[in-house]
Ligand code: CP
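Take a look at this single chain, the form predicted alone, given in structure tokens.
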């Protein structure tokens, strides 16, 4: 494995190998496995779990890391081609990426969607620009349309809970939030659940359905894994017989880049009550679980009664970020590599 940009790039055997190694690292990590290796962490956007877990992963494996946060501890950076740099950015990726790679053995990048033009964000331009410039292993810490680190940890979480990879009902639901958030987590989560062969229902208020191109790709994947893929605006229909409810807010695709229209749609959804409460689980399986990638706004996205109750596995998901990312790092640096 030379890069870790998306689960879509990996075979089933490669994913199984990553997960098996993560399970082993959870109890028996070689503290000198990455001795002398340096990971460069480039954060265009803020982070808690991703930053802390990757620094911890490198340290636990005997390696080290450095963090660059453009606009905070470094110059603002520009990534666009053929641009005139007369704004805040003082450095371009064309110079920054090759230089940073001189200082590290692998580079990891977080770069959220701009949120202005859906067609542009769907192309994931920033991570692809860096991939074209990078000669060292590259890790996607969340891009405009993908978050493979979160998806891999979520996969392990369900394995740990004994939740099957087969005909299990997985509900990916939009939830209320005051801001228009990126599509990366829901897109990665959808892909992950279908790769596991689960039956996936996408639950949204009107106006927040996932992009048609995303759904078209998902339909192809579902056909290949034997999964059932369904969309609905009805909470009771979606939750009937559900084993997993994965809650996440995301930006409206019909109001993309239009804050006023987005606000109107969110206000309508709020009236319909899209905060996850225990009552949502009335028709779910008795042992149904709540998943969320964090951070989560209590009593806005999910009610306290659910987050503090028996259904929530959000802390386990975050814990698994460490072990799955340790596994990714080990796969990027094979032991026989000179």
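Note that the coordinates shown come from a computational prediction; the quantities given were computed from them, not determined experimentally. Numbering follows the first chain given and starts at 1.
Not on display, but discussed next: the form predicted together with phosphoric acid mono(formamide)ester.
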Please pick, from 58, 306, 41, 293, the one residue with any non-hydrogen atom lying within 4.5 angstroms of phosphoric acid mono(formamide)ester in the predicted bound form. 293
Contact residue in the predicted bound form, from 177, 110, 169, 156 (heavy atom within 4.5 Å of phosphoric acid mono(formamide)ester): 110
Proximity to phosphoric acid mono(formamide)ester in the predicted bound form (heavy atom, within 4.5 Å), stretch among 65 to 73, 42 to 50, 281 to 289, 29 to 37: 42 to 50
Is residue 227 close to phosphoric acid mono(formamide)ester in the predicted bound form, meaning a heavy atom pair under 4.5 Å apart or at it? no
Is there any non-hydrogen atom of residue 150 lying within 4.5 Å of phosphoric acid mono(formamide)ester in the predicted bound form? yes
